[in-house]
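Quick heads-up: it's one chain on its own, the form predicted alone, in structure tokens.
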Amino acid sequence: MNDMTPIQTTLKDWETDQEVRWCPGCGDYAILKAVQRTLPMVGADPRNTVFVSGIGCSSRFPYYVESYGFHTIHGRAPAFATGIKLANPELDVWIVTGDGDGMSIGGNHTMHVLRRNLDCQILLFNNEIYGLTKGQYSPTSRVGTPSPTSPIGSVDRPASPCAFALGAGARFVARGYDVSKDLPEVLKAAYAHKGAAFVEIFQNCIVYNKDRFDDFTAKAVSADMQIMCRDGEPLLFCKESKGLSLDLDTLSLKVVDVADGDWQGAGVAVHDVRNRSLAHMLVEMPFGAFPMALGVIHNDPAPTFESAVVAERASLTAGKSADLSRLLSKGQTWTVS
């Protein structure tokens, strides 16, 4: 878990004997390897680690990580994770969910685990489609997405998982994508955060939503259409020829040109992970006119839910001894002879 003494493991220590079964080419394979590579880096212990999932393609995850795991019911992984963490706060708990599982039927559970600030890592795989149930449009599908339930194109306005997380009071919000070399860096930061760490991971569904994210992940456009957010560093992209500046008249971000590396002269903003207003602006930038914000977008720790519950229990039991028979005979009780 996050505050335990690190131990030495390797990627192999986190692999199970189960055959990994996703569609060939699915982005989940890359995410699995990124997680399995990250766990040894942070000194995690398989004996104290629990992966909890709901229902969906991503929910196979616990079978493939050599740790404790629960494959639970649709949308309810946060509820199970909360019970696990309260029963044993020393456990390192990971929640694996998807845009359907976590943003639709489980949206309320996702909201509450974030606002409560349970100490856990929440990985939301976003492929903008329902993959397991054969390609229906999901809460994050873009307008115009064709699917069995929207044959001439979805008219729903898509939900933004990161904007949702910030609105629910999340103290850590980050973004990555399945094959990104920076994903382990994001996962390490999430693991180090004490509290609910929400990570949206864009994931390619090779069958029902193939190459949906090529508009910012494809090699030919990635430099121009991605901005990696790192605390204390200028918000530069397009090989540092462009940056994001704060427009004080509209209190919004704007793209500015950077000449000869003079980002300060161009007015480029410096990323501050504690600035919630900046985080909102970064996750809500209209894609196309702006790049896709990746990396750690917000990180502002606060007391955790389970620490408050443990402290409350301690205050209520201080100076008292456990006596079940006395408790049962207390109050309006009587004996039948």
Partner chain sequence: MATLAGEHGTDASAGDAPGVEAVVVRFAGDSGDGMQLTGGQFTLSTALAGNDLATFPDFPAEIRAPQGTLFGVSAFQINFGSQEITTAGDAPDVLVAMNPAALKVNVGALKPGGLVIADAGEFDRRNLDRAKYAQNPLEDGSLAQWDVLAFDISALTLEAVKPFGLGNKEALRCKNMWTLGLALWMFDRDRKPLVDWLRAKFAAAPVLAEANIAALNAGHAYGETAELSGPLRKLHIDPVPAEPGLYRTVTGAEAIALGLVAGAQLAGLEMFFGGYPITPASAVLHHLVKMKEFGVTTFQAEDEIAAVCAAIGASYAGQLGVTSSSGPGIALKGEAMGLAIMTELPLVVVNSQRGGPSTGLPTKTEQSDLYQAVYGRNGDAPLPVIAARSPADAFECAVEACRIATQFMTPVILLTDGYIANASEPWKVPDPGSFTPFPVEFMTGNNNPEGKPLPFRRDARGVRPWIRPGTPGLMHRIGGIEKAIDTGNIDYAPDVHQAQTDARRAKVDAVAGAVPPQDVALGEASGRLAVIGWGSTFGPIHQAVRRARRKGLDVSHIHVRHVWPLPHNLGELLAGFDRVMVPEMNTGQFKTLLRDRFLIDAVPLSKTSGQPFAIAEVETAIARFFDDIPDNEGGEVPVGDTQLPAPEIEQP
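Think of the rigid core as the biggest set of C-alphas that the two forms share within 1.5 Å after superposition. Positions refer to the first chain, counted from 1. As the structure is a prediction and not an experimental result, all values here were calculated from the model.
The same protein also has a form predicted in complex with its partner chain, omitted here; what follows describes it.
Considering its partner chain in the predicted bound form, the lone stretch of 289-297, 304-312, 271-279, 34-42 in range is 304-312 [heavy atom distance within 4.5 Å]. In terms of contact with its partner chain in the predicted bound form, the residue from H71, K242, H193, R212 that brings a heavy atom within 4.5 Å is H71.
For the options Q136, T82, Q121, S160, the residue carrying a heavy atom within 4.5 angstroms of its partner chain in the predicted bound form is T82. Its partner chain is not drawn, but in the predicted bound form it has no heavy atom within 4.5 Å of S150. The shortest heavy atom separation between Q18 and its partner chain in the predicted bound form is within 4.5 Å. Although the partner is absent here, S329 lies within 4.5 Å of its partner chain in the predicted bound form, judged by heavy atoms.
The shortest heavy atom separation between T335 and its partner chain in the predicted bound form is within 4.5 Å. In the predicted bound form, its partner chain lies within 4.5 angstroms of at least one heavy atom of each of the following residues of 102-134: N108, H109, H112, R116, in sequence order. Taking the rigid core as fixed, one finds a CA shift for D17 smaller than 2 Å between this form and the one not shown.
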